[in-house]
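Take a look at this single chain in structure tokens; it is the form predicted alone.
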């Protein structure tokens, strides 16, 4: 029996199988500092204990995307080590804040399988749950991945494609206990715009851009313990390039969105997302957003806003698809999420 792990191939997955991912990880202030070094993250709730305490929390939690990246990274050896590409996300929910000192682990259930027509790859759908040291759920989401077959002659499984709703409803969102934006300090947050200032259909150009460097994206991928071959090994892709981890693009676009959405403080729901085109070192990421929906919540002073976040590597803002309905070649990311904002 081999002592080494070659990773799973498409034919190795079974519908309903539960994968318990190694290795638990205790997170702390170091992850916050590295996150803020890698991305231009400035949302006040994740930057200052005093600001978070004025909003009813005990201290500043770790950024939502830190929790996402760490849980995601745990799944890679069992889900996407032999992936061609990560294709999309749905039904993501941040269920409770992650605090410095928490220990995170992850498990996934295989909920869908579909072999591609070329017979060389297939798509695997998993529902992943991140848990803390108290076995409390902190995050769950669905993602689907295109995975290579190890044995081209292996029989195709029965095709099961999960039925995933287009979006989470507001009552499915979890608002952190104690969160209160009644006395929100707009000056310290960086912008005066509140929930009522945004209109459904409004589009916002976030203006700024960041060029992706090879060293930075590899540092980030190591930080999240993401071992997918396409991010490290130049022989894993036909053109010899290293594919930028899609989560790196998500975090970069989210932090660029501060310019125009500084008060969209907490990400609490991930309705859907697609990595429309590959991102490579040297690409300059820009971002724009569209307001898709708004809703009131029961938390004092807190509103929910549903946003489309689009990351591009060029082109004019607000252009998403071509005449045929396909993503334009400069579009890298199309993400649909819920955020909490002061009313």
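Positions refer to the first chain, counted from 1. Every value quoted in this text rests on a predicted model; they were computed, and no experiment measured them.
This protein has a second form, the form predicted in complex with another copy of the chain, left out of what is shown; the following refers to that one.
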Contact label in the predicted bound form: residue 152 to another copy of the chain, heavy atom within 4.5 Å: no
Any non-hydrogen atom of residue 193 within 4.5 angstroms of another copy of the chain in the predicted bound form: yes
Distance check, residue 137 to another copy of the chain in the predicted bound form, heavy atom within 4.5 Å: no
Contact flag, residue 227 vs another copy of the chain in the predicted bound form, heavy atom cut 4.5 Å: yes
Partner-contacting position among 264, 142, 189, 270 - heavy atom within 4.5 Å of another copy of the chain in the predicted bound form: 189
In the predicted bound form, segment of 176 to 184, 118 to 126, 256 to 264, 155 to 163 with a heavy atom within 4.5 Å of another copy of the chain: 256 to 264
Interface residues of 90 to 106 toward another copy of the chain, as seen in the predicted bound form [heavy atoms, 4.5 Å]: 103, 105
